[in-house]
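First comes one chain, alone, set out as structure tokens in the form predicted on its own.
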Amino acid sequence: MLKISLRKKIISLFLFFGLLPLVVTFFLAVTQIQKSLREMANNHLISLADEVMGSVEKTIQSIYTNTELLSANPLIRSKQASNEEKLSELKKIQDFYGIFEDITLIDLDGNVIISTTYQYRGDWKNKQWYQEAKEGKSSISPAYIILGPHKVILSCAAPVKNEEGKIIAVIAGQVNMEKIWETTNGIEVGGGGFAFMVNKEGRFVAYPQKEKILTLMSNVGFKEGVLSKNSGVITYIDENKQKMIGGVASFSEKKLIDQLGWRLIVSQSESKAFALANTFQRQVIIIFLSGLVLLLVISYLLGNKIVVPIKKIITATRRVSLGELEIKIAIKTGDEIEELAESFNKMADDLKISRTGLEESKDVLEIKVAARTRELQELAKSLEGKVGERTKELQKRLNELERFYRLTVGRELKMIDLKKKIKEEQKVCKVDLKDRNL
């Protein structure tokens, strides 16, 4: 049968009952709390994306609002005002708002009537936003590039109506995307986090590196994942093979979703996004390992506190069994083990007293045995003398009996011989008589 030492039993039991709550706590901390921390990190990215997208949406809405205010300007709507007066008014408004790079008034055939800078290059009449404005609906263009100087522009177009409510022209305000980028590029998320936007075609319309603007996203899976949701969290691998996580947000108004369809992503590496969760996990692991080491040390010390005194008692017991009754155990634990040691010491004292008493009794008994032995020896000598005399007497009688026996047996034998001879003589006489009669 396998024997397990008391120290191992104590350490095993202590570790079991000590580790059980520690392991449960570790499991809950690593799974539940870490999950909550990751959810917090995800929600933080989503809320930050919503906040930034809200700022972008306000900027777009102000472009809409200011363009519609331009279209409602009495001087712009007036038939009597000259183009010079209208141009002067547009320049004043451009300086006042400070948001437009250019303001252009276009007739219903797509020809430019007046422009504050004439920076736009292209054919107005084939542009969707112009056509929608011409039909009476304010519209905004996708982000596009103009040359000389090189800029990325948004154009917002609104119908200009006369006093009778008839559309007589279209006014378009060009806004530099720098106004949008001021909002997105100013976002800092932890270490290395950033914000960017893509349009519904999967092209970047805002990105910290300007060379990526209006280029297509290379990661097809990431593109489909981003464009498939208006809000939430998405994970992807960037061009540096780094795991990234991003909070996705979109416009709240359906009009902007339909016309622009932008998605804003606040992106951060998973290692940075979940740094708190990972740090917490490491701390929990350190605490768990520290607790495990502490439990091992405590269980070892506890085992020694119990086992070492017991081993002293066992050793002392073996020495007592060999006759060393003078041994004493000095154990000061303040508990039952100390009481056991005191009981052992008392037992050893009692055994010593008993052995001393036995030794004294042995000495007395030896004296008595010696005296009795001498008495028996003297008695034996006395008996030996008497037995000798009696033996001689008995021997004498025996000799007499033997002589009597021999005499008696000799007579018997002679009588037997005599009887035999008489019988033989009688037989001889009978034979002689028979012979004579014949």
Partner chain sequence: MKNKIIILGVVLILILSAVVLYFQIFKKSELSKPKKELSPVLNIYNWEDYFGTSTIADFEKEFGVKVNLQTYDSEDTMLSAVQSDPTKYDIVIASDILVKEMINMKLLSPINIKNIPNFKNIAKEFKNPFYDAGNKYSVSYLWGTSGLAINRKYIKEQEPSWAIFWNPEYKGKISMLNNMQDVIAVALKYLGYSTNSVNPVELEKAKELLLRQKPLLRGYEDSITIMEDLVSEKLWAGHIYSGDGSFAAAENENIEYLIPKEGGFIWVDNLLIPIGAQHKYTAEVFINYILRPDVSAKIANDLLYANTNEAARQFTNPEILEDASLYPSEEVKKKLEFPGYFGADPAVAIYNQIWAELQ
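Residue numbers count along the first chain shown, from 1. These numbers come from a predicted model, not from an experiment.
This next part talks about the form predicted together with its partner chain, which is not shown.
S.K.: Could you work out which of T235, N176, T317, T117 is the residue within 4.5 angstroms of its partner chain in the predicted complex, going by heavy atoms?
M.R.: After the contact test, the surviving option is T117.
S.K.: Note which of W129, F222, F196, F288 lies within 4.5 Å of its partner chain in the predicted complex, where distance is taken over heavy atoms; exactly one does.
M.R.: Looking at W129, F222, F196, F288 one by one, just W129 meets the 4.5 Å heavy-atom criterion.
S.K.: Just one of 70-78, 179-187, 347-355, 138-146 has heavy atoms within 4.5 Å of its partner chain in the predicted complex; which?
M.R.: Contact-bearing stretch, as computed: 138-146.
S.K.: Would you check, heavy atoms only and a 4.5 Å threshold, whether T215 touches its partner chain in the predicted complex?
M.R.: So T215 counts as contacting its partner chain.
S.K.: Would H150 show up as a contact with its partner chain in the predicted complex if we use heavy atoms at 4.5 Å?
M.R.: The answer is yes: H150 has a heavy atom within 4.5 Å of its partner chain.
S.K.: Indicate whether its partner chain has at least one heavy atom within 4.5 Å of a heavy atom of G165 in the predicted complex.
M.R.: No.
S.K.: Test of understanding: in the predicted complex, would G122 fall inside 4.5 Å of its partner chain by heavy atoms?
M.R.: Output for G122 is yes: heavy atoms within 4.5 Å of its partner chain.
S.K.: Residue by residue through 39-74, which ones have a non-hydrogen atom no more than 4.5 angstroms from its partner chain in the predicted complex?
M.R.: None of them.
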